[in-house]
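Take a look at this one chain, the form predicted on its own, written out in structure tokens.
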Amino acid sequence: MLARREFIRTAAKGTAVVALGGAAWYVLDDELTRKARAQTRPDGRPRLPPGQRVLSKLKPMGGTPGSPKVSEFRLRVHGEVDAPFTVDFRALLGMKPVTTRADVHCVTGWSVLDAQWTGVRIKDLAERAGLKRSARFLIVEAAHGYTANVPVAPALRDDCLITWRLDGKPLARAHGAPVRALIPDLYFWKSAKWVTGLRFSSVDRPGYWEKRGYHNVGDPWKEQRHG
């Protein structure tokens, strides 16, 4: 944990980040960073949260992968809902998919801007399940028991998805194939990879990283990196 915290503190100091054993470079773009820092979001916040620099493309961030086979994929929507249900990959693709662009911000200090994502809105899945008024939190469930907790309000925004395409291509396994969550206004660890379920809860259930010292909310504009 201490080593990871040191990495978070120092990740933005270099000009490039190497990943995959030297097989690929993920370059920090100082010009894009400068431009993004001068921009403002529609909600009045700066486009680039404090402490972030723009990366040229999405960087794999590890984790224990789930199965990439679409034939094995199932998404369970359950918890504080009236009509829990489970869908396979084909059924998910048939549930009013949308394509949107969103910036994402990693707790280690990099951001990717204008990534194009295709998926189903979490709010549409919640509506189909009959979300109860008692639901206060969303627990994103993923392979091998990984979870990430998110307050319901930010999880039901229009740009929050269960997504299977990135920039027009199917997700790579390193990015969560076949399906991951996208919750762009929170640090990217909340957008769990290899998703298996959405569990709505009346009480908070801190997830994998939250139990290991990460902030329970993870707002990038407040730099909520650690609890």
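Numbers for residues come from their place in the sequence shown, where the first is 1. Small disclaimer: the values here were computed from a predicted structure and weren't measured.
The discussion below concerns the form predicted together with a small molecule, not included here.
Listed residues 142, 75, 156, 131 were compared with the small molecule in the predicted complex; 142 is the one with a heavy atom within 4.5 Å. Put simply, of 62, 44, 168, 50 only one has a heavy atom within 4.5 Å of the small molecule in the predicted complex, and it is 62. Taking the partner from the other structure, the small molecule in the predicted complex has no heavy atom within 4.5 Å of any heavy atom of residue 199.
The small molecule in the predicted complex comes within 4.5 Å of no heavy atom belonging to residue 164. By the criterion of a heavy atom within 4.5 Å, residue 175 is counted among the residues contacting the small molecule in the predicted complex.
The small molecule is not shown here, but in the predicted complex it comes within 4.5 Å of a heavy atom of residue 58. With the partner left out here, the small molecule still marks one of 123 to 131, 67 to 75, 105 to 113, 90 to 98 in the predicted complex; by a 4.5 Å heavy atom cut-off that stretch is 105 to 113.
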